[in-house]
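This document opens with one chain alone, in structure tokens, the form predicted on its own.
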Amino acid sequence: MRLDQRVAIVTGGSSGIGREVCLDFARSGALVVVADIQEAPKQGIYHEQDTTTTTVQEVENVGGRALFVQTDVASEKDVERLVAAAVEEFGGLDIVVNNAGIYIPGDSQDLSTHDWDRVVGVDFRSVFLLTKYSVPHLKRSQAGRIINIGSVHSFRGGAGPAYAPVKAAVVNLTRDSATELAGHGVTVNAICPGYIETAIQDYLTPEQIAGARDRTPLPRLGLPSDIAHACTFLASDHAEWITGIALPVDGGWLAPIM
């Protein structure tokens, strides 16, 4: 599955899932724009403890080309600037991966309105903004792709009053965008990860992580590469007739409840 010379923006690309998506795309021949609030990778308590090099450095180590653009994905001005930088550097835009996300624990009584707004901004408003500013360029591409990262919580509650509702909205926006853009040959799909071993899991306890492992039918937790491989498939020509889907990549986590 080759992506030779296709230009891809990946939000949240400095760490975790986004970092591995950037690397998998680069190995497949894509030119990668890494968008994140900071270039340095996050280091987690349980996962990604030893990650020190930047994503751009790692892309170059595998023989690829990459550009880092510091971006607050909830800021319209930043997102507009991000798309402009990608097009100026690489001459166009073919693939967008809306991966950036945060999780702030808390129920309806604990979570502040400010924190609720921040989760909505980073996890959902950003998807609309990057879609909005990317679409004119994707329509000109011969292989326009939008891939949105949802969650298993897109299909159920239990992750708080911001995260689960927002991830459900990402799936519905995916379907709406797929309908809007199908006539232009642009596909829009979502991937819904289960537990993935990244620094975003730092809010959990070891007991909660063990519980997630126990309830995952396949005998391990997910890796960033599991999501990256799915992204590369959906970005490739092999998936040119797939649009509007929400693909769980979760080790079977949803199977007993859906």
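Numbers for residues come from their place in the sequence shown, where the first is 1. A quick note: this is a predicted structure, and the numbers were derived from the prediction, not measured.
FYI, the form predicted together with a small molecule isn't displayed, but the following is about it.
*168, 178, 102, 135: which sits within 4.5 Å of the small molecule in the model of the complex by any heavy atom?*
Exactly one listed residue reaches within 4.5 Å, namely 102.
_Proximity to the small molecule in the model of the complex, single hit among 71, 174, 187, 131 (heavy atom within 4.5 Å)_ = Exactly one listed residue reaches within 4.5 Å, namely 71.
*Given that the partner is absent here, state which listed stretch (190-198, 57-65, 209-217, 229-237) has heavy atoms within 4.5 Å of the small molecule in the model of the complex.*
The contacting stretch is 190-198.
*Does residue 9 make contact with the small molecule in the model of the complex, using a 4.5 Å heavy atom cut-off?*
No, residue 9 is distant from the partner.
*asked:* Since only the chain is shown here, I'm wondering whether residue 22 would be in contact with the small molecule in the model of the complex (any heavy atom pair within 4.5 Å).
replied: Flag for residue 22 set to no.
_4.5 Å heavy atom contact, residue 122 to the small molecule in the model of the complex_ = Yes, residue 122 lies within 4.5 Å of the small molecule in the model of the complex.
*Check whether residue 53 has any heavy atom within 4.5 Å of a heavy atom of the small molecule in the model of the complex, and answer yes or no.*
Although the small molecule is absent here, residue 53 would stay clear of it in the model of the complex, with no heavy atoms inside 4.5 Å.
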